[in-house]
Ligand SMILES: Cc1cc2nc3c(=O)[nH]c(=O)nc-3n(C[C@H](O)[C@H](O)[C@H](O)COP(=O)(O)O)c2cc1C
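The data below hold one chain only, encoded as C-alpha cells and taken in the form predicted alone.
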Amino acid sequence: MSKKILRTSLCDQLDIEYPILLAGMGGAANAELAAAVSEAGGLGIIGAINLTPDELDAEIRKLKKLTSKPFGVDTIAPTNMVDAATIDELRNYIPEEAVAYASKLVKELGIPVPDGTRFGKEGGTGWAAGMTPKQIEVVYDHKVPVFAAALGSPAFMVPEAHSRGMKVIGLVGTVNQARKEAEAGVDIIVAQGHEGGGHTGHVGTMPLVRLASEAVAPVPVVAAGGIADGRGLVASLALGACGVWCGTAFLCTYESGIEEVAKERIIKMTERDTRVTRVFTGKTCRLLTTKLIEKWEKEGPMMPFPLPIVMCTSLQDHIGKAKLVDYYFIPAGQICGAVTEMKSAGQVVKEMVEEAVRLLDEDLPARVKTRK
C-alpha cells in the first residue's frame, strides 16, 4: 500500500510530513515519545515544564540520538503567579493551613504516609519562575527548531528566537489572546478549546478555532482540544486550522512517560470522567476526576500558581508508592473516552492520517452531495 499524503502549509513551515503536533505534556512528552512522533511524520515536542536545565539537556540529547527529524520543546512563561527562583523558595510560600489539610485528607482517604510528613514542604517537584530562562538557554544551545509556550506568552523571546532561525508557537484560549500573539510575531498559534487536557480555558474548540483562524489570518492556527483521530483532524481543517495539536491521543502509547497504571486508568475512562480544577496547579486545568480533587475543592485551601504543583506532586509521591491509581493527578482531555487501547505513537499518527485521507477522498464525497 502506498504511503498516504496529507499536507498543509504547516508541513512546509515546519518541514514535517503530516500536520500533527504532539502537545508538550510535562511528564508524558519525553524524548522517546517526541522522537516517535517526529519519526512518524509529525512534530514531536518535549514537555519541559518540570525539567531542570540539566534534565532538559539530557532529554534533548536523547531525542537527537533517536531521530534526525524536526522537533520542539515546550515550557511555560505564565503571569499572575507566586514568583520565586527555585522550587525550594516556593516551598516557603506554601501555607501551614495547606500542609495541615493535606495531612488530614490523606488520613480520611486511607493513603499510607509516614507520621510527620509535611506535604509541599518536602518531596515532589514543580516549576519556578527562575527555571524558564535557564530552560530557554538550553533550547538555544541545542538549536531546537521549534519552541512552544503552552501556558503564558512567548512574545518576550520572539526576536531572539527568530534571529536563531527558530519557529515560535503560542497557545491561546481566546480570540483576544490569539490577536495578541499574532501581533507579537509568533509563527504559529495553537487554539485550544475547553475540551483539552491540562491547562485549558472556557471556550469550546469549534468556536475558538473558527474565530481565531479568521481573526489572525494569515498567521496559521493549529487546533487543540478534543482531537484524537482523523475525524478530529478533518473537522479542524474545515474550521480553518492548518493542523492539530494532540495530547490525550498520545498518553496511552508505549513511549509515553506516564506510569503504566495511569495509562490503564485512562483507557477505562469516558468523556464524563474529567473535570477542570485549580487544585492541581492554581490555574484551570483538566484532569481525571478523583475523590481527592473533589474533597479538596469543597474543603481545602486554594493557592496561587505554581504552589499547588509542588503540593500535589508531593502528595503524588506517596500516592504513587501505594499504587493508589484512583487518586493520581492525571491531566487528560474529554476525548479520553476515545482512547481505548495501548498503541505505539507511530500507530496513532498513521491511523489518524489514514482516517483523515479516507474521509476527505471517499467518505465525505459519498455522503455529502454538492451538485444535483
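Values in this document were obtained by computation on a predicted structure and should not be read as measured data. A residue's number is simply how far along the shown sequence it sits, counting from 1.
Beyond what is shown, the protein has a form predicted together with the named molecule; the following relates to that form.
Shown alone here, Met303 lies farther than 4.5 Å from the named molecule in the predicted bound form, counting heavy atoms only. At the 4.5 Å threshold, heavy atoms of Glu181 stay clear of the named molecule in the predicted bound form, well away from it. Of the heavy atoms in Trp245, some are within 4.5 Å of the named molecule in the predicted bound form. Taking non-hydrogen atoms only, Gln192 approaches the named molecule to within 4.5 angstroms in the predicted bound form.
Only one listed stretch (294-302, 173-181, 102-110, 197-205) carries heavy atoms within 4.5 Å of the named molecule in the predicted bound form, and that stretch is 197-205. The three residues Ala23, Ala150 and Gly333 all sit with a heavy atom within 4.5 Å of the named molecule in the predicted bound form. With the partner removed from view, the residue among Val339, Ile60, Ile49, Ala35 that has a non-hydrogen atom within 4.5 Å of the named molecule in the predicted bound form turns out to be Ile49. Just one of Leu233, Val222, Leu251, Val146 comes within 4.5 Å of the named molecule in the predicted bound form, counting any heavy atom, and that one is Leu251.
Contacts with the named molecule in the predicted bound form, taken as any heavy atom within 4.5 Å, map to no residue of 279-300.
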